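Before any questions on binding or motion, here is one chain by itself as structure tokens, the form predicted alone.
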């Protein structure tokens, strides 16, 4: 019988290390027994002893459970990189996040973090633009990018959609994006929407002298996504948006390869992530998913707001955006999305979901300036409409960057005054 637990094992630079939260079922006598079951099912073993388990296989490929925290139910398993097809995230997840989630011997299981060896990291392209590339593209160097999402999510026709975009850009926002469930609709054709919206973009750029950006949602089967990306590029677009988790890991890898020479930045929407991440005792953390998307190579990624309508507290979001602290494996206290990860460029984090202009001071204080802040209802819900909402957001940013209290600044700008009338004295729940 193969013993997978060795608490004296020292991981090597060739090991992939997975960290799990483990809650055993009654079928397991203790946590160590549960760890044994996880290690063998995720690698070379199965439910019974087999005659085909040669000693050489065990010697070369056996993983090691090298850390068990009984009190907190945290375990770490080192897998040799030879167990994985390096440039195949689907295969890697089929091992370390596959059958093990359905085992009867576990009550619950959560993949908390992955530490990838250099050889695996180097088999991926990572982001094409990253933070510096997006800064260069947008010509915005020392402030957060400001954006909105066209609302209602679905329902507007192509002309109405383009008008909303124009109002937002005219009011001072940098980015307008489609929502996650707007693709090619009967009432809003993808190609016509792109045509009309980019025409408005060009007009607003000529009037304001500022760069403006539209992120059309190209999510579909891979062949259709390629056709839509081609269309965006031909019409002078600079971005595409993809719903990364509903699209799938392998499809994202193929799209990253396809977009490599097109100079189109990838805005990654994380729709469906909470199906994996929301239950704290089971599933996969957003930290893990963010790392995987950095390997694949998206340029911008929704990571959480701390405030707003979506679940995700301060500690969790900062852990994703800034540091591996409690979920560190080798003690590397580095930024997750901006660390020097074997040369891969960093991702630009995106905060979106239930934000309004009055949240900007706390957002900057908490999340910093290397961010995209997106205001959907916080733009279009302004009492005087979308353009006024965009102006209020830009005013709130200007005040914050100049260390002026928003309430004081609002005495001089009517749009921010009206934002206070709508959303009142704001409080930030962290």
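Residue numbers count along the first chain shown, from 1. Keep in mind it's a predicted model, so treat the numbers as computed, not measured.
Although it is not shown, the form predicted together with a small molecule is what the next lines describe.
Asker: Would the small molecule in the model of the complex be within 4.5 angstroms of a non-hydrogen atom of every residue among 40, 110 and 283?
Answerer: Checked in the model of the complex: no contact with the small molecule for any of the three.
Asker: The small molecule isn't shown here, but in the model of the complex, which of 124-132, 78-86, 191-199, 347-355 has heavy atoms within 4.5 Å of it?
Answerer: It is 347-355 that comes within 4.5 Å of the partner.
Asker: Going by heavy atom distances of 4.5 angstroms or less, which of 270, 228, 291, 212 would be at the interface with the small molecule in the model of the complex?
Answerer: By the 4.5 Å criterion, the partner-contacting residue is 270.
Asker: Identify, from the list 180, 115, 160, 254, the residue with a heavy atom within 4.5 Å of the small molecule in the model of the complex.
Answerer: Looking at 180, 115, 160, 254 one by one, just 180 meets the 4.5 Å heavy-atom criterion.
Asker: Residue-level question: is residue 377 within 4.5 Å of the small molecule in the model of the complex, judged on heavy atoms?
Answerer: Yes, residue 377 lies within 4.5 Å of the small molecule in the model of the complex.
Asker: When the contact criterion is heavy atoms within 4.5 Å, does residue 151 count as touching the small molecule in the model of the complex?
Answerer: It does: once the small molecule is placed as it appears in the model of the complex, residue 151 has a heavy atom within 4.5 Å of it.
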